[in-house]
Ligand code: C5P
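In the block that follows, a single chain appears as structure tokens, in the form predicted on its own.
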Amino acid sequence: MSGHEEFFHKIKYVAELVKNIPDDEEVLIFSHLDADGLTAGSIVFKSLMDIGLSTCIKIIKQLDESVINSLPSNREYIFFVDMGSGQKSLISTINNKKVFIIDHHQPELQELEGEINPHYFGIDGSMEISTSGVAYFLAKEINNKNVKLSQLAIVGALGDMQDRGERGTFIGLNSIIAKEAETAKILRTKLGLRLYGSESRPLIQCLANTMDPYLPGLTGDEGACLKFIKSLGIEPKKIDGSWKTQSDLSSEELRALISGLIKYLISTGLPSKEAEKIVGTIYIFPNEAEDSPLRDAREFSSSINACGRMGKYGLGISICLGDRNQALMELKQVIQEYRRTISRYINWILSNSESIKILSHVQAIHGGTTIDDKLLSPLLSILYTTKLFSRDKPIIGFSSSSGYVKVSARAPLELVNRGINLGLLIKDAAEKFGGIGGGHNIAAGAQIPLGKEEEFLMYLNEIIKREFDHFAPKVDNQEIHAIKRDGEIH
């Protein structure tokens, strides 16, 4: 069988295990706090509730000993969602429980009976499918009517930045989910500017609210965005006096805006290849209201991520489960606070150069107690689009919490293509200093003891250097002669 066939065979097997859970059993789900974790946890929660199981969901930052020690004695069935595959040595200490793992992170040890992870089948969990996608296929196998949950799978995949195909499309199993959503008329796609809220907000607000990529001088400043739009010869208002949205622009205006934004991003130091990514596939949920922050799938994803990062877990779950009344009103307030907080952190970093440390093969931010550890991961992704940080080395973030240091790490795709695997490197470094860690080749995280940040960073710099040296192309003397003959480079 092919990898995909084996993957779906395992999905079918685990679905049967789930359907055989006795009705009188109480099920406990642990899921991660980011957009992928909240959507995946919601998918699993809804699919279990729909078959009559009494289910409780808890959202956590990290699967560690404290979580294992808190497991209630009256819950025999435990689901770990968007976590667990990289902590199986810890999970192995659980006694008298039936454990399910729905995950897409790089696994340790051997596969468990109730575990679904694409990596076991040669499927790249960092690019081709997120945990919400795995949860979706499981839910659909439990009940084919769950195809409607493909919307949440798309939101989760975008939250994990898995729109890695040409022009921001999905690849691998994610592309299958997108096609199923389009067939079910849950999803519509088009090519356009990937600005925040492009479906629901005036163009000025879209620019001011865009953080990926970060637009220096524009992000967070509607006045500057207004001047920028006018400088391109674009009238920001319609004849009736209302503000134009992206869809209101003429083809000539849209071309001027695209060209102007790409030139602007390049002028700030962003590589042209990255700047051009501001044009790509826009994912639209036509079943959401036109003025809703949930209509644009990326805005939906950012909104759910904001709920998790701001500690509003119940709100995020409620929205994923379909609440469009009071929850939606509260969501708008959370989004505003999230964006203000991220902007404050960026300004703090820009004005505190001592918080940045650059080594030969890594670059780091020391957030101390200033940066909330729940916000460290999205902050790093945004900072990679600024000229402060180079794209030729991974970026590491530290944030102190109660009794430990949270570590988050990101690497650009170019480094991953050269062979760098952050998940394995971070896991190695964390364990060396008495912590735990893991993740993907492109993004990873860890938890290490307080006071170990510098040693951790130096060690990580060294092992990344060894990785670079290992993957560097070998050139012998004969080849050097050929390259430099006649004093020219060929």
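The numbering used is simple: start at 1 and walk along the sequence shown. These numbers were taken from a predicted model, which means no experiment stands behind them.
FYI, the form predicted in complex with ligand C5P isn't displayed, but the following is about it.
Student: Could you work out which of N461, T55, N421, Q62 is the residue within 4.5 angstroms of ligand C5P in the predicted bound form, going by heavy atoms?
Tutor: Only one listed residue qualifies here, and that residue is Q62.
Student: Only one of L388, V279, M161, V334 gets a heavy atom within 4.5 Å of ligand C5P in the predicted bound form. Which one?
Tutor: Selected residue: M161.
Student: Which one of these stretches, 67 to 75, 404 to 412, 136 to 144, 173 to 181, sits within 4.5 Å of ligand C5P in the predicted bound form when only heavy atoms are counted?
Tutor: The contacting stretch here is 404 to 412.
Student: Using a 4.5 Å heavy atom cut-off, are G197, T210 and P293 all in contact with ligand C5P in the predicted bound form?
Tutor: No residue of the spot touches ligand C5P in the predicted bound form.
Student: If you check in the predicted bound form, is I436 within 4.5 Å of ligand C5P, heavy atoms only?
Tutor: Yes, contact at 4.5 Å.
Student: Considering non-hydrogen atoms and a 4.5 Å limit, does ligand C5P approach S377 in the predicted bound form?
Tutor: Yes.
Student: Is A443 close enough to touch ligand C5P in the predicted bound form, meaning at least one heavy atom pair within 4.5 Å?
Tutor: Because a heavy atom of A443 falls inside 4.5 Å of ligand C5P in the predicted bound form, the answer is yes.
Student: Although ligand C5P is absent from this view, report whether H105 comes within 4.5 Å of it in the predicted bound form, heavy atoms only.
Tutor: Close contact exists here: in the predicted bound form, H105 approaches ligand C5P to within 4.5 Å, heavy atoms only.
Student: Suppose contact means any heavy atom within 4.5 Å; which members of 29 to 63 contact ligand C5P in the predicted bound form?
Tutor: Sequence-ordered list: H32, D34, D36, Q62.
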